[in-house]
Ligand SMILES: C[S@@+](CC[C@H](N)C(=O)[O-])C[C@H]1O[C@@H](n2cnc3c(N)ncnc32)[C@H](O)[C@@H]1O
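The chain below stands alone, shown as structure tokens; this is the form predicted alone.
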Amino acid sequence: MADLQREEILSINQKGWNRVAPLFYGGTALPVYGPLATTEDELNLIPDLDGKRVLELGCGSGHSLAYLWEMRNSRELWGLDFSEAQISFTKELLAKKGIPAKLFLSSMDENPGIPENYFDLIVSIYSLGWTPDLSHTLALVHSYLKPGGIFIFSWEHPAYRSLRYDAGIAKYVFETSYLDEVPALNPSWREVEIVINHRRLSTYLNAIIQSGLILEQIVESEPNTALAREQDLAPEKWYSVPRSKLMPTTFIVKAEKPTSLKL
């Protein structure tokens, strides 16, 4: 699938997400950073947002934006998502709560009209990995942030996918190579066709550095059993407590746009 072009990947994923969006409604949103992962209540990564401007890349069903308004007192909310269904959910949720926001239907590696040097905080909660162009997306993040602005994102730990539970031996085995970095077409992800962009952890971190942002904190989350449901105890489930004790489900990154250029 390495020959898949950006427009193909974007088209497949937009169609897929428009169908599966209801399955993920309200899931993996702040203060939660990921399945069975450490939460914002524990990490305290988000700065004081009183009177601040916030942008979310991949706003999903709008629950993180609502949290940033209701619980963190942000002054101005912006969001984008490439799924029409997700944008519709966000509009409905925020309208119901009386929360104003400027929303865009767009891939995060494009600028649909977002101002530069404007935002105090940009977040992407379990969404950044869907971008077809990571480097360009992070260059845009840098351009949107004010000097001193913060970018926080979470995503599934790239090594997590390599583990599979083998019921025959009742153990986890390495099934796929962590080193492979190609877009992979999955014809039956949640019963839809989808393209997963496999990238190493170093790829994300180096892209952050190359964008001009400064890494502040990297979290490879310990398993958070307080978030576990009964089904999460089954070892064969994708996100499971036993599996998360061997490999983090989630990594979280906090980075800052420098206030001045280094000479």
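One rule holds for the numbers: they count along the sequence shown, beginning at 1. Nothing here was measured: the structure is a model prediction, and the numbers come from that model.
A second form of this protein, the form predicted in complex with this ligand, is not displayed here; the remarks below concern that form.
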Heavy atom within 4.5 Å of this ligand in the predicted complex: which of L43, A29, I196, L227?
A29
Contact with this ligand in the predicted complex, heavy atom within 4.5 Å, among L77, L138, I125, L121 goes to I125
Specify the contacting stretch among 99-107, 157-165, 139-147, 113-121, defined as having any heavy atom within 4.5 Å of this ligand in the predicted complex.
99-107
Within a 4.5 Å heavy atom cut-off, is P132 in contact with this ligand in the predicted complex?
yes
Although this ligand is absent from this view, report whether F82 comes within 4.5 Å of it in the predicted complex, heavy atoms only.
yes
Does the 4.5 Å heavy atom contact test between G58 and this ligand in the predicted complex come out positive?
yes
Contact label in the predicted complex: L10 to this ligand, heavy atom within 4.5 Å:
yes
Contact at W17, F24 and Q86 by this ligand in the predicted complex, all three, heavy atom at most 4.5 Å:
yes
